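Given as structure tokens, the chain that follows is alone and in the form predicted alone.
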């Protein structure tokens, strides 16, 4: 048995489709490595608690060598206790007839409570990744509700968009997706996000020299990535689950291990004004993780007029979301 101290990961919505697709890979060592023990704090609410009992049984039946403990609970204080990582998946989905303001108000209350409970119970250097939508603004709400924790340890997931973008570029270029590097996702995890092909590479060459069809890049590619979630819903009758879980685990891995030289990964963090973005919104940036576990925004990337116009649209949406959530919750964000 490995002798490292276990990494404790708290997962909300653990019995839901995304949670179910994520926790077995967390327990197997697929994220933090084959010699790193993990402990899981699995959190559910209401009817989900019964399903969670079944998930715990399945974890037991897997007999994972690296899994040291499973805590299954509906109590946030117990669920976030001593967590090194909080993976916040659980959120109310948007229903027919529901305005975005309604969703922000309902989910906002959830993330106020979770942020407070994390601050009171998790480790002080805890890292928090928000997956539940609208994840950028939910992450901001959790951050503002987590007194005493470090702002730079809060993240919102844009990796699903990055993975989708890499796949689309690879398909167009006729190469394996691993040949596509450095696709930055700027802004919001929504239909306004901007998948930046202008700084991407394919087999080490600029993507725009491998794929010379500018109309495809600017219209088809950007639009397909922005609308991919809706396309999946239309095809399978449900929102992305396995691919969302995979992207969440990719994000954890990329924030845990150093980024390979010359590369970056995409995640939303609290803007401090980099690239002229309004401070105080959770904005998708290209990041590099350092050897000590800290991170930095990749600086100096050239952004042409097309890119800047797209980034301005997603920035505007996030500013509006922040204002809407603040009004709905009656708090300052």
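From a predicted model like this one, the values you see are computed outputs, not experimental measurements. Positions refer to the first chain, counted from 1.
Although it is not shown, the form predicted together with a small molecule is what the next lines describe.
J.: Hey, of 195-203, 112-120, 236-244, 74-82, which bit sits against the small molecule in the predicted complex at 4.5 Å between non-hydrogen atoms?
T.: It is the stretch 236-244.
J.: With heavy atoms only and a cut-off of 4.5 Å, decide whether residue 189 touches the small molecule in the predicted complex.
T.: Flag for residue 189 set to yes.
J.: Classify residue 133 as contacting or not contacting the small molecule in the predicted complex by the rule of any non-hydrogen atom within 4.5 angstroms, answering yes or no.
T.: Yes, contact at 4.5 Å.
J.: With the cut-off set at 4.5 Å between non-hydrogen atoms, does residue 90 touch the small molecule in the predicted complex?
T.: Because no heavy atom of residue 90 falls inside 4.5 Å of the small molecule in the predicted complex, the answer is no.
J.: Taking any heavy atom pair closer than or equal to 4.5 Å as contact, tell me whether residue 160 reaches the small molecule in the predicted complex.
T.: Answer yes; at least one heavy atom of residue 160 falls within 4.5 Å of the small molecule in the predicted complex.
J.: Every residue in 94, 100 and 229 with a non-hydrogen atom within 4.5 Å of the small molecule in the predicted complex?
T.: The answer is yes; 94, 100 and 229 each reach the small molecule.
J.: With the small molecule left out of view, which of 172, 127, 164, 144 would have a heavy atom within 4.5 Å of it in the predicted complex?
T.: Contact check passes for 164.
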